[in-house]
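This document opens with one chain alone, in structure tokens, the form predicted on its own.
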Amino acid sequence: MRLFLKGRLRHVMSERESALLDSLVERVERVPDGTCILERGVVARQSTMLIDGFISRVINDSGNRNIVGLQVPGDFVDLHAFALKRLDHDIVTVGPSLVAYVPHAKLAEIVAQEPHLTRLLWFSTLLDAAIHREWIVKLEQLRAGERLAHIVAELWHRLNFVGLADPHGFNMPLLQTHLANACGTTAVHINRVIKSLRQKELLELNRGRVTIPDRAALEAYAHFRPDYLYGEGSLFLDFETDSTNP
């Protein structure tokens, strides 16, 4: 759980709270690519922390597979299932992943006894909502190439928070079909889009590696601003001096 909210509000979590968060884990499991961890409509009695790998949120509609969100290590993937109990989408691994399961009964104890830690857990679900809103807006505003560039820019920042990106890119298991599903286009078209971005020297996808020759140019092309990730920019909170602040 050491990556949870790293780069965002992790610094306001006390050592006691960090240890308490670690103690919530009942089981750690390594799961293969394409595993549906939680299926739409199934009653959830635990939530999942992603330790290593990638996870997608998937909505299957009329035979179309739509990726409506991507989770990276450190994300409490389906924490909102604690309140909702049944999700409106599937939670599916992308590539081999290592996950930790937290029973909802233990989360109920945290809510009853630990208001500050509860607030941090709440923050993580609101952060997911902020990312989802940005995806909705960009899916409407941007062309396919710009949408792909935006997703790559976002993933770089989120992975950089947890120490899994470098100045020139990052590793990821997403295939062209995943990227097409996330961008709302076809596999054939996403192939052309990737070639176009390579020709523009904005990014290179090769064997699970994303190379970004010029990140500033990529972000400018994608009309990307990282504020909504709450790690830097106008929305970032640089300190909290009192954990009891409303």
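Keep in mind the model is a prediction, meaning the values are calculated, not measured. Note that residue numbering follows the sequence shown and begins at 1.
FYI, the form predicted together with the DNA isn't displayed, but the following is about it.
A.B. asks: Only one of Leu87, Leu98, Val162, Leu175 has a non-hydrogen atom within 4.5 angstroms of the DNA in the predicted bound form; which is it?
C.D. replies: Selected residue: Leu175.
A.B. asks: By the heavy atom within 4.5 Å rule, which residue out of Val28, Ala216, Val43, Val188 makes contact with the DNA in the predicted bound form?
C.D. replies: Contact with the DNA in the predicted bound form is made by Val188 alone.
A.B. asks: Since only the chain is shown here, I'm wondering whether Gly69 would be in contact with the DNA in the predicted bound form (any heavy atom pair within 4.5 Å).
C.D. replies: Because no heavy atom of Gly69 falls inside 4.5 Å of the DNA in the predicted bound form, the answer is no.
A.B. asks: Applying a 4.5 Å heavy atom distance criterion, does Arg143 contact the DNA in the predicted bound form?
C.D. replies: Residue-level check for Arg143: yes, a contact with the DNA.
A.B. asks: Can you check whether Lys195 is within 4.5 Å of the DNA in the predicted bound form, heavy atom basis?
C.D. replies: Yes, Lys195 lies within 4.5 Å of the DNA in the predicted bound form.
A.B. asks: Counting only non-hydrogen atoms, choose the one of 143-151, 87-95, 164-172, 122-130 that falls within 4.5 Å of the DNA in the predicted bound form.
C.D. replies: Of the options, only 143-151 has residues within 4.5 Å of the partner.
A.B. asks: Considering only 63-99, what residues come within 4.5 Å of the DNA in the predicted bound form, judged by heavy atoms?
C.D. replies: Sequence-ordered list is empty.
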